[in-house]
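Heads up, the chain below is alone and in the form predicted alone; it's given as structure tokens.
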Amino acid sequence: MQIEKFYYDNKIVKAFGLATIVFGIVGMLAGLWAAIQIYYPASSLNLAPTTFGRLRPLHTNAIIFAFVGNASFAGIYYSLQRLCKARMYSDKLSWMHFWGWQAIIVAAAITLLMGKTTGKEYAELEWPIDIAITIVWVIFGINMLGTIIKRREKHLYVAIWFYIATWVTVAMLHIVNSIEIPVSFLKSYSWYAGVQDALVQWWYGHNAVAFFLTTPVLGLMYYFLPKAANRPVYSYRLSIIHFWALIFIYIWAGPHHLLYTALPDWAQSLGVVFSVMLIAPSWGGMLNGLFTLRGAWDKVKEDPVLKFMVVAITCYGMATFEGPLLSLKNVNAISHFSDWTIAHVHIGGLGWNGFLAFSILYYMIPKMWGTDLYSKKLATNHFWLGTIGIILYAVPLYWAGFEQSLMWKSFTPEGQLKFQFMETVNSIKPMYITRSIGGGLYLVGALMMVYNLYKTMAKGSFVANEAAEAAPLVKEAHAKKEYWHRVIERRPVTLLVLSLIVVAIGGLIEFVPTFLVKSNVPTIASVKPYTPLELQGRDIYVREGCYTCHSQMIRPFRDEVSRYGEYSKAGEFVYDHPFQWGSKRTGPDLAREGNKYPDSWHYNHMYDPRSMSPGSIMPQYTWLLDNALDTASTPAKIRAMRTIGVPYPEGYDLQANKDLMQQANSIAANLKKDKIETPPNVEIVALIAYLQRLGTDIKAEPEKNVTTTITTNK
């Protein structure tokens, strides 16, 4: 048989690898800055773009899509060519993918710091960028599938299965969650509202973690771990079970982010059941990885690549045990809205994703530069700094999470809440300080890696086109009887379609009843659309990222009802595009904030939070007092809301600003009574209008009716 000579494209791998390094450092710096702001609010510099509410989405997007995304692409482009024994399908498509993705990252950074956000966690980017992501993702998919189809290797190794499932599922998640109605070039409203928006968002949010941060990284593990250890994967059969079970079960688990909320109970229960089931395939994958190293532990002691991989896989196992644990209702009642969740996320982010990314960089770069790693000792020091950093990051936050929950739920013998919310905030500041020290150590380790890799490149010579040879793939005339998975492996398009069917089942079963059965989201007659001024104020609230610190969801617990008021109902949120339930209470819940304080309190609170709440860690929002309200956008916003079903009267967009100014003048007059002179057409007035509206559509039920539906804390 004739042997064909060809060349692997290392240039595209190099480009994605360097982007991984650059954006990894940027994302970590943003995270460290945000962590410091939690206990030292003055570090926001009193500038709009650098407040926690804008920096936090920048950090999460930079780490997920820029750091881990670029690392995954680098690893996929490196491994796919070698697994298929073929150069990428198209060099041109490879570079379109690279530059398109980097342009998206830069656009994301600029727009998020400007406050241009949809307000949906991990999906904050506005509609033009969403379209660009779709185009670039399609380019990546064509290039990947084209390479697989023209491969010289008959067998499709399991890593490729994970790459294909990643591509098709992320495409589905992104398209469904990004359906929105544009208002202007960088402003849109989610097509979904309230409960339905929450369900779609956390179906996306949970599975963005599953299919952007987990399945591609598992594929990389299945390639790079055996390569680095020079051993075959422990069990190929287990890897196949791991793959199909994981992609089927994972997609159902999103509702576990919404336990005890206004989401229908049946959907919550589905999320719990499938979350618990996830332990089996997740731990199957973890054990498959660790057992691959049986008999190679002496090499682990010497090789920093394997050190990083062992801790990464261990953190994957920890995170995928803890996730199902947190989905149990009795545990979720303690953990949700607390820092426990933040610790959990960062075991996965810092340990699983970060360490796996570091390991493949340490593996690939010496290979592509034809040399050895500059310093194994430096890499080992990076390993230990990073490991200590993870511990110092996570352990204090676990402690903080328990302390928050215990203090929130504590009552005096007389039946009164024992602690004010601000007392819980100030009690955990030492944990926040320690967390930032851990993050700082992790960043220092990453900077050591940058130096080490730079010196490695400097002493080697980059091989842009790596020579290879293999026999062409010959189609067999009569296939022997073989296992079902072998049949699928010969048909990558079939594998793609089957993966799509498997991952779509869970979403369809959760969505169809929620959207089509009215009893799942009962309406409340007293709930009315926001006034034009309140709508503008809500958009400012979203722009400033207030949802990153405040929830708007009172769960049916004794302590929450005592602290915040009547528990939240599904019908309250039917006009919320997007929903604002939040996922973390750094500040108190705001679902019943309306009419709780006078207008002047909110004005002074935004000017200097500590003047109204001593000990507050909220930054100042002084620019809201000066920024003119963009009333020119009001008609377009009303028209967009009408398009997605909000019942404003026909033609109301033409008179909306008249009503807006009437309400604004009323608030300005109230402020004047308290000796605060401010024009009515500034942003603070709109924000006050929105805050004063929250929860006022719902009147508290008689006490005897409320207590029968409240879950007591034992």
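Computed from a predicted model, the values in this text were never measured in an experiment. Just count from 1 along the sequence shown to find any residue number.
The discussion below concerns the form predicted together with heme C (HEC), not included here.
Novice: Between the options Ser188, Thr320, Asn452, Thr586, which residue brings a heavy atom to within 4.5 Å of heme C (HEC) in the predicted complex?
Specialist: Contact check passes for Thr586.
Novice: Since exactly one of Gly194, Gly440, Pro281, Pro609 fits, which has a heavy atom within 4.5 Å of heme C (HEC) in the predicted complex?
Specialist: Looking at Gly194, Gly440, Pro281, Pro609 one by one, just Pro609 meets the 4.5 Å heavy-atom criterion.
Novice: Does heme C (HEC) get within 4.5 angstroms of any non-hydrogen atom of Leu687 in the predicted complex?
Specialist: Yes, contact at 4.5 Å.
Novice: So, in the predicted complex, is Ser178 in contact with heme C (HEC) at a 4.5 angstroms heavy atom limit?
Specialist: It does not: once heme C (HEC) is placed as it appears in the predicted complex, Ser178 has no heavy atom within 4.5 Å of it.
Novice: In the predicted complex, does Arg151 come within 4.5 Å of heme C (HEC), counting heavy atoms only?
Specialist: So Arg151 does not count as contacting heme C (HEC).
Novice: Against heme C (HEC) in the predicted complex, would Phe52 count as a contact residue? Criterion: heavy atoms within 4.5 Å.
Specialist: Judged by the heavy-atom cut-off of 4.5 Å, Phe52 is in contact with heme C (HEC) in the predicted complex.
Novice: Residues in which of 79 to 87, 154 to 162, 95 to 103, 542 to 550 have heavy atoms within 4.5 Å of heme C (HEC) in the predicted complex?
Specialist: Careful reading of the contacts points to 542 to 550.
Novice: In the predicted complex, does every one of Leu590, Trp601 and Ile617 come within 4.5 Å of heme C (HEC), counting any heavy atom?
Specialist: Result yes, every residue of the spot touches heme C (HEC).
Novice: Under the 4.5 Å heavy atom criterion, name the residues of 405 to 422 that approach heme C (HEC) in the predicted complex, in sequence order.
Specialist: Read in sequence order, the residues that approach heme C (HEC) (within 4.5 Å, in the predicted complex) are Phe421, Met422.
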